[in-house]
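Given as structure tokens, the chain that follows is alone and in the form predicted alone.
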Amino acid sequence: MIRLLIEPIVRAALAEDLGRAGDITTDAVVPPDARIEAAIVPRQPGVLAGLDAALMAFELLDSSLALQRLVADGARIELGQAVARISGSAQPVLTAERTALNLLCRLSGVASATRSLADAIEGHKAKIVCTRKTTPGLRILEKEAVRLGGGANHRFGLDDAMLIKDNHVAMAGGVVPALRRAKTAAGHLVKIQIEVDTLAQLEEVLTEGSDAVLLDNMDPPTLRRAVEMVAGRAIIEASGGVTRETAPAIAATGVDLISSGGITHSAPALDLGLDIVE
């Protein structure tokens, strides 16, 4: 990932932790000339993501540290398998430890949750996609973690594309007026997607036309009928109640995309730690 985009995030995380006086514990307990060799090691299996950001936390505190990547982001990792080594001055390593691990554990958790869903629908054409339900300030990193976990990205922000949600439809007075207003305002490169809750709404969308349609909280038989109705005239995305258990049946209906907010907003952190190497 482009350093220009992620360095401000890592710097902000370090500044948050260092506060006004820095790491007063490490400064008091660890001699300035102490040296360390340490490894980042998973406490559980999963998918690695965020290693560049994690190692950047160490580098920003001491550019002379030797940083060795042992595993590539996106790889499946096993319990006890070292993914990186850090050696050099001990103080900056211990000071950056928590910031680095916070980023690495969070992003690896997102990648692992995505991989679980992607594996569940293997063999179907549907792709797992994320949403804007991301941690404030970490969106670019979390969306990269989704890709590393085998998923794809929905829009990054409100300015990427038009997504007409149920509240937009309500305020516009219906599906058709909402679509017409969106088309009037959209530039020639702007895609339009609209959310529908019923097949009756979908029929309106197909009459008016839209680049993509979001089928919200429909059961598999209804999704299958919706796919038949669309017949390739729009990209079809399904959302709502997506879990590893429900995803295969959703994918089997023939939808193009399955979106999940849970892979970002509810992904459990993957447990990794920093171990001193004897």
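In case it trips you up, residue 1 is the first one in the sequence shown, and so on. Everything quoted here is computed from the prediction, not taken from an experiment.
This next part talks about the form predicted in complex with a further copy of the same chain, which is not shown.
In the predicted bound form, no heavy atom of Ala82 sits within 4.5 Å of a further copy of the same chain. None of the heavy atoms of Thr207 is located within 4.5 Å of a further copy of the same chain in the predicted bound form.
Although the partner is absent here, Glu78 is not a contact residue: none of its heavy atoms lies within 4.5 angstroms of a further copy of the same chain in the predicted bound form. Although the partner is absent here, Asp52 sits far enough away that none of its heavy atoms falls within 4.5 Å of a further copy of the same chain in the predicted bound form. Stretch-level contact analysis of 111-119, 199-207, 68-76, 161-169 against a further copy of the same chain in the predicted bound form, using heavy atoms and a 4.5 Å limit, identifies 161-169. Only one of Ala252, Ile235, Val41, Val227 lies close to a further copy of the same chain in the predicted bound form, with a heavy atom inside 4.5 Å, and it is Ile235. Site annotation in the predicted bound form: the residue of Leu148, Ala126, Leu94, Ile86 reaching within 4.5 Å of a further copy of the same chain with a heavy atom is Leu94. Looking at 11-37, the residues that come within 4.5 Å of a further copy of the same chain in the predicted bound form, counting any heavy atom, are Arg11, Ala13, Leu14, Glu16, Asp17, Leu18, Gly19, Arg20, Ala21, Gly22, Asp23, Ile24, Thr25, Thr26, Ala28, Val29, Val30, Pro31, Ala34, Arg35, Ile36.
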